[in-house]
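Heads up, the chain below is alone and in the form predicted on its own; it's given as C-alpha cells.
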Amino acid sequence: MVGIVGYGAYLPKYRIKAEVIAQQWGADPAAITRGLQLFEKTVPGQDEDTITISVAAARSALKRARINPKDIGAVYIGSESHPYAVKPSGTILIDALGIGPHVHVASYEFACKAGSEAMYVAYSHVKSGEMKYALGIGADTSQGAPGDALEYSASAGGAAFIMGSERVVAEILFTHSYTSDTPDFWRREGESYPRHGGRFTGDPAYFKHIMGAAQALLEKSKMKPEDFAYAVFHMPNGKFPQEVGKRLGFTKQQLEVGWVVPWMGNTYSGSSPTGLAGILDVAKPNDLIFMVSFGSGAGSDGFVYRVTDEITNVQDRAPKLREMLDTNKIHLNYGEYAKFRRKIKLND
C-alpha cells in the first residue's frame, strides 16, 4: 500500500472580494460573481510567497504523518510563482523543516498542474522502493494583470502531501496523465503577468484534457462516477469544475466539499491539491476520491484514492482547510490589495 501518509494546506488570511475588483474597473459586480461563480479570493501577505506557503503546508503534513523529517528522501515544489528564477524553492524549505541534507530537491513547473506533477513524482519514488518517504507540494501566489479577467480569480495558497507506505491515510490506487501542446495560457521570462487565449482556454484546453485524463482513469480503474464519495477537479473559476463534473457524470454532492474556489480563488498549482486536502479533512475510511488537475500548455494528472482507517487518527492533528477558509479573514480594499501584490510599478 502506497499513498498519502500526511497532508496539510495553508491559505493566507487576507482576502479581497470580487465586487471590490469589479467596482475598481467599472464592471458589474453581480455579473462577475454570477458569471465566474467567485465571491472572494485569498491574497498573500507582504511577507508571504510560494516558499512560506509551502513551509506552512508541509509543517501540517509532518504533524499528520508523525515521522522524522530526516526520513524524507525527496522534496518537490510545483509552482508557477517560484520566488527565484534561478534558485530552487525547496532548499529553503528543507532547512526550515529539518529535512536533509541527504535529500533530492527540485522545483517543478507546468502551469496549474505543477502541484499534481510534484505529487506524482513523489508517489512514484516511494512506489519504486527508491525511498521511504517523499514530499510533493503545490503552491502559488498567482498573478493576474490589473483589469484582466484573471485578476478576479488569481489567488494564493497551497497543499503538501507526504507519500509513504506505512500508516497510509489515502492509498493511491490508479493514476493517469493526458498531455498535448495546447498553448492556451503562458508567461514569458521577465513578464510580470501571464496572457491567455480567452475562450480558447475552455473546450480545447481545460475540458479536453480533464475529460481525456478522467475517462482514461475510469476505464483503467474499471470504476464509475457513482463509485466515488468525492471528486475534485482543477478550479480556475467556479463554473468549470462544476461543468466538467457534470459532463463526466459526477453529482454536485460529490463535488461540494472540494469545490472551495468561490471563497478562495484559483491557487493555480495549489488548486485541486488544496481541494483534496479539504476532502481528506472530512473523509471516512473506505471512501473513494477522484481527482484530476489541469495545467495550461496543456495537461492533466488524474488520481484515484482510497481512504483508510488511519484517516481518523490524523484529521485533527493540524489546521483544517475550512477553518482557514472561513475564519480570521481580513478583507482589503483595492488600494491595499495593489500594494500587497506590488501592482504599482515605477519606471526608473
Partner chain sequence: MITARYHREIPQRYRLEAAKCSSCGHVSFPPRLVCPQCKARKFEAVNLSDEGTIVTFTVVRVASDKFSKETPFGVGIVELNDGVRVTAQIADVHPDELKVGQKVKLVFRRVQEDGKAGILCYGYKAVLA
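Nothing here was measured: the structure is a model prediction, and the numbers come from that model. Residue numbers count along the first chain shown, from 1.
Below, we refer to the form predicted in complex with its partner chain, which is not included among the displayed structures.
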Item to complete: Classify residue 207 as contacting or not contacting its partner chain in the predicted bound form by the rule of any non-hydrogen atom within 4.5 angstroms, answering yes or no.
Response: no
Worksheet item: If you check in the predicted bound form, is residue 286 within 4.5 Å of its partner chain, heavy atoms only?
Response: no
Discussion item. My question is simply whether residue 131 lines the interface with its partner chain in the predicted bound form - judged by any non-hydrogen atom within 4.5 Å.
Written reply: no
Worksheet entry | is_contact(residue 49, its partner chain) in the predicted bound form, heavy atom dist at most 4.5 Å | yes
Practice prompt. Only one of 173, 255, 121, 92 comes within 4.5 Å of its partner chain in the predicted bound form by heavy atoms, so just point that one out.
Written response: 92
Worksheet entry | Among the candidates 229, 145, 96, 248, the residue which, in the predicted bound form, approaches its partner chain to within 4.5 Å (heavy atoms) | 96
Worksheet item: For the chain shown here without its partner, which stretch in 145 to 153, 79 to 87, 105 to 113, 162 to 170 has non-hydrogen atoms within 4.5 angstroms of its partner chain in the predicted bound form?
Response: 79 to 87
